[in-house]
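The chain below stands alone, shown as structure tokens; this is the form predicted on its own.
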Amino acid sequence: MKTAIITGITGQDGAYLAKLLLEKNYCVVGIIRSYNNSNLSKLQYLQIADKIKLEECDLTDIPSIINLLKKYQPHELYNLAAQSSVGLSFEQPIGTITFNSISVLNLLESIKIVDKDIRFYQASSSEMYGKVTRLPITEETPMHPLSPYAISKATAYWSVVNYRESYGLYAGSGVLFNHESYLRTDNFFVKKVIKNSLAIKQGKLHELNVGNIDIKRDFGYAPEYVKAMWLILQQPHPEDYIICSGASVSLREIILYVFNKLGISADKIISDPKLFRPTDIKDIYGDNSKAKKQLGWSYDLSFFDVLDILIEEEKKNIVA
């Protein structure tokens, strides 16, 4: 039986990845910051919380990571831990850049010290590319990050490349574009739109406050994207892959689709200047052809298909 360690296991991607690995008969070890302060609701929702070994580990402390690797001798390590909010990164730039960069370096260095055969996956982000001059984004597109979060992710990405090329580690990145599910936290745009729209429909909320909704993003479905994470570590040689749907949709289109689905008038959309970011990417979408060809990853959902899934799941879980 293979053993896999997942950092960030209590998040959306960590929970779905853990479920996938358990289905493939892995022993799954989840890294948490604290037993007392960890929210296991996503693992409980997927009914897998009791099937995972949880370990406290400070990713800013190399000895803690080294001890963990020696204890479990994992075949694979998936790093999904990060301060992942772009908006929050503008408020906390130093903390975001420090943790998201140092944690990855510590994991890579620990693998180099303990066992170079451990396969390492880094969760990278499309935000790294930022200000692009040509679309779609491919694995060769130059990076021009536009937020502290994006800077931190770009730093981590190049650290993975460096350890792969300099020390021969099996280390690869999945550059995931936006991917959503019911397990998203409420501060993410799509989750906020669906939850608030249902609240408007119920008469519990009067309007939907939004920032710039005329930007476009490449959105996908999280349970399908984590399959690509696993596939990346099953290849003969480590590489980096763009994981995306291959098409972009505007935030306004998303809101109007949800409103139309629920029978809500568009005049409930209220623009709030406080929700605008200092800088923002106008349009971004990727090319997933390498992932489909080399990984054998299959993805053909439009984001409106995904929205249908998310709306129905949200309806089923509404607390009266």
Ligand code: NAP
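The structure displayed is predicted, hence computed values, not measured ones. Throughout, we count residues from 1 along the sequence that is shown.
Another form, the form predicted in complex with the named molecule, is not on view; read the next lines as being about it.
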Problem set entry | One stretch from 196-204, 178-186, 129-137, 108-116 that, in the model of the complex, holds residues within 4.5 Å of the named molecule by heavy atom | 178-186
Exercise. Of the options Y167, Y72, F99, F90, which one has a non-hydrogen atom that comes within 4.5 Å of the named molecule in the model of the complex?
Worked result: F99
Exercise. Taking the named molecule in the model of the complex as the reference, which of T141, Q83, S159, S248 has a non-hydrogen atom within 4.5 Å?
Worked result: Q83
Exercise. So, in the model of the complex, is Y149 in contact with the named molecule at a 4.5 angstroms heavy atom limit?
Worked result: yes
Exercise. Should A123 be counted as a contact of the named molecule in the model of the complex, where contact means heavy atoms within 4.5 Å?
Worked result: yes
Exercise. Looking at the partner-bound form in the model of the complex, is A18 within 4.5 Å of the named molecule by any heavy atom?
Worked result: no
Exercise. Any of the heavy atoms of K51 lying within 4.5 Å of the named molecule in the model of the complex?
Worked result: no
Seminar exercise, completed: Of the residues spanning 1-27, the ones with some heavy atom within 4.5 Å of the named molecule in the model of the complex are G8, I9, T10, G11, Q12, D13, G14
